[in-house]
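Before any questions on how it binds or moves, here is one chain, the form predicted alone, in structure tokens.
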């Protein structure tokens, strides 16, 4: 039996245009548009798909773990509808506004409580903040090896042979188990659950663990400001009696600006 833990996050639909958001400068929070849909991070959905590809070939148990509000249970249920076996929600006011370290710490403590795993899979980065630190942080806290940006996973003699996506190709890495892998969309398109599986998953009870169940980490960072950046553009047309003169005038302007 292969045991896999997959860490997932519920986020605002990334298709919502940025102009639809407003900023509360006092609370230092983004205010989403009314009725905005919450979805699973697409990178984390790729991690679920990677776990299911392993399950297609080996006897496997997949446990989905999410840190977030009560609404994140819908994301866990979607993962179960895709083919995961069970899920745990980590929710407590003390977990709110966690930075990457605090999130990794809480997830690592939950994984310790759940027991031994052969794989821990995460998306290569968050679908909202894009930090890409939580997966590696979990591995460091658990003291296990990790490989990031995985596009393919194979098992051989209690080891994993993985393809790591790099800027100019792929790396083949052999890694002992247990291990943590962060997965990218190169793993393949995530499967869509059937209506029957969605219906069955909607009835699954998702236990919630709070700060009394696991160790609590407080954020190491303090947000000072949150704002929508202002964008300004200035354009100056360089004139001339003919193309040669216009080019000469442009060169003068660029030299004055110390660009050439």
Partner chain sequence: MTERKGVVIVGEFSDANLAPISSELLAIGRKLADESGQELSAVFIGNEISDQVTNEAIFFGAERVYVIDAPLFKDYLNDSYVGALEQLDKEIMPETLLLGHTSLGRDVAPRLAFRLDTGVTLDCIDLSIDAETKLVEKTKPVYGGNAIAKYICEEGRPQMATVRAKAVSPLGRDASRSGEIVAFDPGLDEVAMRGKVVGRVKEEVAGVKLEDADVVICGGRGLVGPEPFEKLHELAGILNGAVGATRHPCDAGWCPYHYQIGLTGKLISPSLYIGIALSGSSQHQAGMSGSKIIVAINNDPEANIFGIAHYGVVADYQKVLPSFIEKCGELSSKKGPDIGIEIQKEGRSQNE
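Because the structure is predicted, anything quoted here is derived from the model rather than measured. Positions refer to the first chain, counted from 1. Whichever C-alpha set is largest while still superposing within 1.5 Å between the two forms counts as the rigid core.
Just so it is clear, the following notes concern the form predicted together with its partner chain, a form of the same protein that is not shown.
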property	result
Residue stretch of 114 to 122, 71 to 79, 90 to 98, 139 to 147 approaching its partner chain in the predicted bound form, non-hydrogen atom distance within 4.5 Å	139 to 147
The single option of 198, 39, 206, 30 touching its partner chain in the predicted bound form, heavy atom within 4.5 Å	30
Partner contact for residue 25 in the predicted bound form: its partner chain, 4.5 angstroms, heavy atom	no
Residue contact check: residue 229 to its partner chain in the predicted bound form, 4.5 Å heavy atom	yes
Heavy atom of residue 233 within 4.5 Å of its partner chain in the predicted bound form	yes
Heavy atom of residue 186 within 4.5 Å of its partner chain in the predicted bound form	yes
Neighbours of its partner chain in the predicted bound form among 164 to 190 [non-hydrogen atom within 4.5 angstroms]	164, 166, 167, 168, 169, 170, 171, 172, 173, 174, 175, 176, 185, 186
Displaced residue check between the shown form and the other one: residue 234, CA, 2 Å or over, core reference	yes
Residue 28 C-alpha shift between the shown form and the other one of 2 Å or more, rigid core reference	yes
Rigid core fit then residue 12 CA moved by 2 Å or more between the shown form and the other one	no
